[in-house]
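Taking the form predicted on its own, here's one chain by itself in structure tokens.
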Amino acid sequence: MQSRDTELRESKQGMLAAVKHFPWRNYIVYIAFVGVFAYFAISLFDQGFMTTGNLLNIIRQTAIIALMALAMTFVISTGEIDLSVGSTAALASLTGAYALQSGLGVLGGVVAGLGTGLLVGLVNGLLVTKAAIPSFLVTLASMGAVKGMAMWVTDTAPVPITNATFNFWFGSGNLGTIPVLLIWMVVFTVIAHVLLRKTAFGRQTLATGGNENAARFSGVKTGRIKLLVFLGTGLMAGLAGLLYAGRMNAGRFSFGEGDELSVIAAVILGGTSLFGGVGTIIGTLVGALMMGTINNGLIIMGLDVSQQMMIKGLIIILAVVFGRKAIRK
């Protein structure tokens, strides 16, 4: 009898030790997402939260943020940050719209929009790597400059897009019941995950953020890595601008306004360290979905934009706190 009691006690202690040492922080975003989704599903069930139309709407609202967040994961993993993605998306939507209006066709519009994003990313990357200016200051300045340019070239007026093919494939189309935006999100999530986890570039990105000096002595061209990740955020911001334009059938200077907050929140919530060296693409996707779910739920609840922004700010603070504690451990 005593032997059996001893076995039960040891078994209980073993289970408690397993629970205590389980890496909960690695899965906090998934647990939080399930909790947030369940809360809104229950509390807003009679207001249509769980309808197919609303769930697809969450996907549409999340996809563009998720695409920019995927690229931001690489930037933050190197220990840098890019605050200009929202403004870049707006300018890209306008240059793409102007190219379409000028008769350059879908290809011309896509090249113009993506080229705009790449140009902004190149400028940001060169200023960070060659001029050694902190990325926070560089991208804060470019955020204002790019937004001002977007307002100036259009005199704050929208630029309509009437090309049905462009509008279908870049935002507003559906393949059956599946939004085209969902396809864009899934495809680039797979690409980004493979790039970060299965390639030398991904390993060098994490090494650069983990310890830049050690990475440099190990032969990693850290300046080149940082330039490439800024080109990546510029490219994805350009794509985001095209998707905004296609979804709304117009280019506008106001597209992407405040997106940098949601993008950074999604990345940090997903488990990427704000201090570099740790990054996860799947976590970023779930973080973006959680942000989209929260936004959707708050809108259904009747909260205005200012209240939503305050909640987003609080979420970012909490995410940074959890991230800092994880690093200390």
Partner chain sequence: MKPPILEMNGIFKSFNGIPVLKDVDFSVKQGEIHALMGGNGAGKSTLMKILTGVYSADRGEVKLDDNVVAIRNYEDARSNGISMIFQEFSLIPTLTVAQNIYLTRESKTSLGLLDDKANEKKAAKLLAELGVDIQPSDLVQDLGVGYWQMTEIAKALSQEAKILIMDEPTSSLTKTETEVLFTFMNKLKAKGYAIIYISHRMDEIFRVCDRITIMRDGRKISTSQISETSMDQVITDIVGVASGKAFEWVERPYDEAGEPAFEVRELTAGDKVRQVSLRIQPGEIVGIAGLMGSGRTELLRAIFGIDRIHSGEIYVRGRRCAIRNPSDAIAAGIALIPEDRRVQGLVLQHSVRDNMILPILAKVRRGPLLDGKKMNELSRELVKRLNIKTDSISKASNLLSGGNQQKIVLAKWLANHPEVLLLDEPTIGVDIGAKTEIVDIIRELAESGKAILVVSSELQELLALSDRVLIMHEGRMGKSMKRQDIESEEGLQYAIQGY
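Positions refer to the first chain, counted from 1. No experiment lies behind these values; they were computed from the predicted model shown.
The following text describes the form predicted together with its partner chain, which does not appear among the structures shown.
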| query | finding |
| --- | --- |
| Proximity to its partner chain in the predicted complex (heavy atom, within 4.5 Å), stretch among 200-208, 95-103, 139-147, 111-119 | 200-208 |
| Contact residue in the predicted complex, from 156, 177, 162, 218 (heavy atom within 4.5 Å of its partner chain) | 218 |
| Contact label in the predicted complex: residue 194 to its partner chain, heavy atom within 4.5 Å | yes |
| Residue contact check: residue 187 to its partner chain in the predicted complex, 4.5 Å heavy atom | no |
| Its partner chain contact in the predicted complex: residue 277, any heavy atom under 4.5 Å | yes |
| Residue 107, heavy atom within 4.5 angstroms of its partner chain in the predicted complex | no |
